[in-house]
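Here's a solo chain for you in structure tokens, the form predicted alone.
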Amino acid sequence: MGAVTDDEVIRKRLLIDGDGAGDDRKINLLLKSFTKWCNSPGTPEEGFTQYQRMLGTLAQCEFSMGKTLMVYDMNLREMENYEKIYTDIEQNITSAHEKITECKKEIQRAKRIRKNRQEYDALAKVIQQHPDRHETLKQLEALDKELQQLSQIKENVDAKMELRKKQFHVLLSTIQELQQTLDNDEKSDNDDNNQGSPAGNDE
């Protein structure tokens, strides 16, 4: 067997000695006293006194043992309590981790909502710079009426242009006919003059 260390000796001593009050020594003394009492040839008075001493020592040992058992039970209860506290702490840690994870998700959602709101605000500002739908419809109606009026004016102008073209064509035709008539009259006059000149000379 290996060498026994001082710590092991002290640990065994404490286990045997209870809380360190010398119970093992008291038991050894009680055993020696009991052996001496059994083999003692003394008087009954001395034996009774020694017997009372042994009872006192035994009561002290029983008291120490009872106190040790109480301390042991208390330690067991404390261990159970510590285990319960440890379990509660682990559950609280797990719950805290879950809450932290949920809070991170909430932060991400809040950031996304804030970003969307900023985009909505920017879009709303852009929309506010333009007329609303009712005003736009009124402008479209006005433009449509104006377009219809311009179309009517264009049709009227086209009709007048077509009429002017016809009138101009008639005028050109009339001028050409008049010019042709004048040319024919002039030619006819020249032919008449040419025919009358030789007859006058013959006379």
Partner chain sequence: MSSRMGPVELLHMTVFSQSFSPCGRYLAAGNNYGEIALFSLSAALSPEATRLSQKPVLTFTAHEGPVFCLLSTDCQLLSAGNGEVSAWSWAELIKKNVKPVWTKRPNYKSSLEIPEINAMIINPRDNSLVIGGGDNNIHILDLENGVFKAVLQGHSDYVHCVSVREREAEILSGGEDGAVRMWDSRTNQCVHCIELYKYESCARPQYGKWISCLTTDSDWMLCGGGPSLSLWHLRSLSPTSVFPLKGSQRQATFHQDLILTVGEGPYVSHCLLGGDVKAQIPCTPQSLNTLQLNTNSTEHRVLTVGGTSNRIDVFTNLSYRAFSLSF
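If you're wondering where the values come from, they're calculated on a predicted model, not measured in any experiment. Positions refer to the first chain, counted from 1.
Although it is not shown, the form predicted in complex with its partner chain is what the next lines describe.
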### Query
in the model of the complex, does H97 have a heavy atom within 4.5 Å of its partner chain?
no
### Query
If you check in the model of the complex, is Q128 within 4.5 Å of its partner chain, heavy atoms only?
no
### Query
Quick one: does Q91 come within 4.5 Å of its partner chain in the model of the complex, counting heavy atoms only?
no
### Message
So in the model of the complex, is its partner chain close enough to L123 to count as touching (4.5 Å, heavy atoms)?
### Response
yes
### Task
Find the only residue in N81, T87, Q108, T101 having a heavy atom within 4.5 Å of its partner chain in the model of the complex.
Q108
### Message
Heavy atom within 4.5 Å of its partner chain in the model of the complex: which residues of 84-121 meet that condition, in order?
### Response
Q108, K111, R114, K115, Q118, E119
